[in-house]
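Consider the single chain below, provided in structure tokens and representing the form predicted alone.
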């Protein structure tokens, strides 16, 4: 297998480390804080038993940990790598400096990918000599549980680099969304943002509580969405498929459109209500334990989906 560099070892860097190492790649961790890679490795070690118990490791924890190496030297970390996954803070000046460094020091044929969730690749790679090998590879965190990952090109990113990265991601168990060109929010945040806008409007205007909205997604739409997307959903929801669905229901949605053309102020008075309802449901001191519960539920769901795909088909 190939050698992959993880640059920045916070939560996203740790998650990518598991993802690449689980697939058999040798992974080297580097961070501007010399103590951070060791902390990341210890954190990863703590997660592996749960992953193993859910059948989400290809081999044992010891073998995965054996594929991780720690480096305090950026030159050593980048030596011989085929892919660099950058996970530094979401600050434009930081990204620009880091990509200048990576382009200077990484092998000329290595792909340089950023995990940024908000910055367009053109904003921090325009000045880079090897900018044709730079792109965004944004995970839906954590990528070792959620396979979707957005691959976003800058205007100058090579088509061959995009395809090579997509092939690599498929080989490590990811489901790449290969975008044709960049746009603010990429795909996932634009879709999530549209849903959140409506959720805030419904609560702000007194039509529903946050529990009503959460139930509607959790116990309604998300049950289908956990194994098929919106286009397949509507294709299967009318006897004649997607065109039949649109002919039947487009009028309903076009009628809703005018009422969606304003924003609730997320940080206004509605936030007091939302926060109060959430803290009544989950006190702040239980957030971390609930996050751990979430990840265990995700592990169980992924394990179930894999088993169901084998028995039923995907």
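Residue numbers count along the first chain shown, from 1. All of these numbers come straight from a predicted model, not from anything done at the bench.
There is also a form predicted together with another copy of the chain; it is not shown, and the following applies to it.
Using a 4.5 Å heavy atom cutoff, none of 25, 57 and 60 lies near another copy of the chain in the predicted complex.
Among 128, 148, 82, 166, the residue placing a heavy atom within 4.5 Å of another copy of the chain in the predicted complex is 148.
Interface residue remark: residue 94 is not counted as part of the site for another copy of the chain in the predicted complex, having no heavy atom within 4.5 Å. Among residues of the shown chain, residue 67 is not one whose heavy atoms approach another copy of the chain to within 4.5 Å in the predicted complex.
The closest non-hydrogen atom of residue 109 lies beyond 4.5 Å of another copy of the chain in the predicted complex. Interface residue remark: residue 43 is not counted as part of the site for another copy of the chain in the predicted complex, having no heavy atom within 4.5 Å. Across the options 129-137, 94-102, 218-226, 71-79, residues that bring heavy atoms within 4.5 Å of another copy of the chain in the predicted complex belong to 218-226. Annotation for 205-220: interface residues with another copy of the chain in the predicted complex are 205, 206, 207, 208, 209, 210, 212, 213, 214, 215, 216, 217, 218, 219, 220 [heavy atom within 4.5 Å].
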